[in-house]
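Next up: just one chain, as structure tokens, the form predicted alone.
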Amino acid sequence: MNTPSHQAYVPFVSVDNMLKLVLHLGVERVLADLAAEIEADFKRWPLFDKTPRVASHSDVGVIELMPTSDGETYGFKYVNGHPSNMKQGLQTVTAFGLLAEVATGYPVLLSEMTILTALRTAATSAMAAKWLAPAGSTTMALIGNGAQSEFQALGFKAICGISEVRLYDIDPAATAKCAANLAGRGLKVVSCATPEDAILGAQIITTVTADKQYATILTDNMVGAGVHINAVGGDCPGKTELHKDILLRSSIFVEYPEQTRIEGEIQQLAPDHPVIELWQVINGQATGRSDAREITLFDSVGFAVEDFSALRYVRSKLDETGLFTQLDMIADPDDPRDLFGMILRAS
């Protein structure tokens, strides 16, 4: 009988263990830690393999693979986006991810990423706003109060110092859910009846809706000078949230232009419309906000490097927390050339 070596086992972080890890460390600490990890990886952006995610589209949603590598570690995420799932009581987005050693190709971590994606998305949003939002911002409008909303609110609180969040959703039940979940967490929460009401006094406007369509969540006349827009919901071809005229008045910042031009708000614009890559701002190679009246727009679609950062963060917490199980995942014959013999010996 073949006895697996330690290399046959891959640490697996289940949903249950991810929940325990987040509660053990604290939601806001995890968000702040993730933002720091993502920012650190953006500082070494040129090291990474970069490619637009590999997407399989259907008339009901999309299934995607998001791979990258820094030359030492390889990572990928499997993720879907199916807006109609909610009507069936299912998640719109589900995900899992894997890290592997480049030197051997052996996996070193398998993890749930439905929860982790929500955390890293909010951490990335707030990290970008740290560089782009008006100094001293205290109020954020949060339009779209679904599964991502609380993470965004707490991420901006932990990383940018937001103290008031103004909520709006086309479904009042979603707003009530979000407000209840944020109660007692150190934020002033204002539930609003219209998006126009939500943006009153807000220096930061976050849009995070799920419908897979060209939508106009923000019209041009709603957006005044000097605000930062965090556009999260537009993340695939044919799905946007902002009126085109807002884009034409904004300084636009993106993760990876080749992907964002296909999936982001800027799919509405000419292929050569100027954008600024966020990693260049962080590295001092480009200017972020340069004028108090400037409209800055983070056209966020999510990129594989952010998932890579999140997975590496989770892996770094395994020894500290012990919140994982070992999966017997890699066939490990006594003789690497005798895989068939391994089957025979198992009988």
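When you see a residue number, it is the position in the sequence shown, counting from 1. For clarity, every value in this text was computed on a predicted model and none was experimentally measured.
Another form exists, predicted in complex with a further copy of the same chain; not displayed. Remarks below refer to it.
- Taking non-hydrogen atoms only, Val60 approaches a further copy of the same chain to within 4.5 angstroms in the predicted complex.
- Contact annotation: Gly288 falls outside 4.5 Å of a further copy of the same chain in the predicted complex, judged by heavy atom distances.
- Proximity of Val190 to a further copy of the same chain in the predicted complex: non-hydrogen atoms within 4.5 Å are absent; the residue sits far from the partner.
- Interface membership of Gly224, defined by any non-hydrogen atom within 4.5 Å of a further copy of the same chain in the predicted complex, is ruled out.
- When a further copy of the same chain is considered in the predicted complex, only one residue from Lys244, Arg185, His273, Arg249 comes within 4.5 Å through any heavy atom, namely Arg185.
- The single contact residue among Leu47, Ala40, Leu65, Ala292, judged by any heavy atom lying within 4.5 Å of a further copy of the same chain in the predicted complex, is Leu65.
- The three marked residues, Tyr74, Ala147 and Phe151, each reach a further copy of the same chain in the predicted complex, with a heavy atom inside 4.5 Å.
- Residues with any non-hydrogen atom within 4.5 angstroms of a further copy of the same chain in the predicted complex fall in just one of 120-128, 104-112, 198-206, 255-263: 104-112.
- Contact annotation for 67-84: residues with any non-hydrogen atom within 4.5 angstroms of a further copy of the same chain in the predicted complex are Pro67, Ser69, Tyr74, Phe76, Tyr78, Asn80, His82, listed in sequence order.
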